[in-house]
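Consider the single chain below, provided in structure tokens and representing the form predicted alone.
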């Protein structure tokens, strides 16, 4: 279980894309901080074990899992209705669901792969915003997971990069639209993180050590490090931060 200095006692948190990687680490961190959490995503073989483990380590707060595919609007709408029903409202929404796509030149990407990337990464996040926003009240926080691929172009993952650029655009627009209501919207842009998504993205074509060596801090991040940043953005300590993208990349984009 992740340790945290932040406290979210009785906060009502929805994490979309919570079954692995950054989303899973964020779920551990928010539960450890005392939040009631709805985890969502595509079911994994260990989903029941994950929920039971988080519940057993909680501070009396509750943990639920609700399956949903963000590419399906009806499933997203149902997820939000069910999450609000069990939580009694929403204070924090983390939109983390995403896929990596195929590694290779733009002109060799199949149209079906392009459509799938845009549908899940960009349309899926927009659908989450569409159905989250009506339930949010003053003081609520939306967090979106982008990537350093949304801050700068990365060759061989061009469409993935485009979807992450789009997420930053949605984040900034939503922040301006919701600021008068006292709702903050921010994004994180992680560099390389030790997750299944990174392994699938490079597909053995780039050694992990080479990626680590390209980072000024000479290592790949752990998911818990991104989760810590998400907790800060959700906290009162970041109460004057909205429309921002927090780059967490070990200095990669500065090199």
Ligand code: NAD
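Positions refer to the first chain, counted from 1. Computed from a predicted model, the values in this text were never measured in an experiment.
Although it is not shown, the form predicted in complex with nicotinamide-adenine-dinucleotide is what the next lines describe.
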Worksheet, complete the sentence: Partner-free chain; cross-checking nicotinamide-adenine-dinucleotide in the model of the complex, the single residue of 175, 156, 99, 109 with a heavy atom within 4.5 Å is 99
Worksheet item: Exactly one of 165, 116, 123, 135 has a non-hydrogen atom within 4.5 Å of nicotinamide-adenine-dinucleotide in the model of the complex; which residue is it?
Response: 116
Practice prompt. With nicotinamide-adenine-dinucleotide left out here, work out from 101 to 109, 177 to 185, 84 to 92, 139 to 147 which stretch has heavy atoms within 4.5 Å of it in the model of the complex.
Written response: 139 to 147
Discussion item. I'd like to know if residue 245 sits close to nicotinamide-adenine-dinucleotide in the model of the complex, meaning any non-hydrogen atom pair within 4.5 angstroms.
Written reply: no
Worksheet item: If you check in the model of the complex, is residue 11 within 4.5 Å of nicotinamide-adenine-dinucleotide, heavy atoms only?
Response: no
Worksheet item: Is residue 206 one of the residues lying within 4.5 Å of nicotinamide-adenine-dinucleotide in the model of the complex, judged by heavy atom distances?
Response: no
Fill in: residue 20: touches nicotinamide-adenine-dinucleotide in the model of the complex, heavy atom cutoff 4.5 angstroms
yes
Discussion item. Can you list, in sequence order, the residues from 40 to 62 that come within 4.5 Å of nicotinamide-adenine-dinucleotide in the model of the complex, counting heavy atoms only?
Written reply: 41, 42, 44
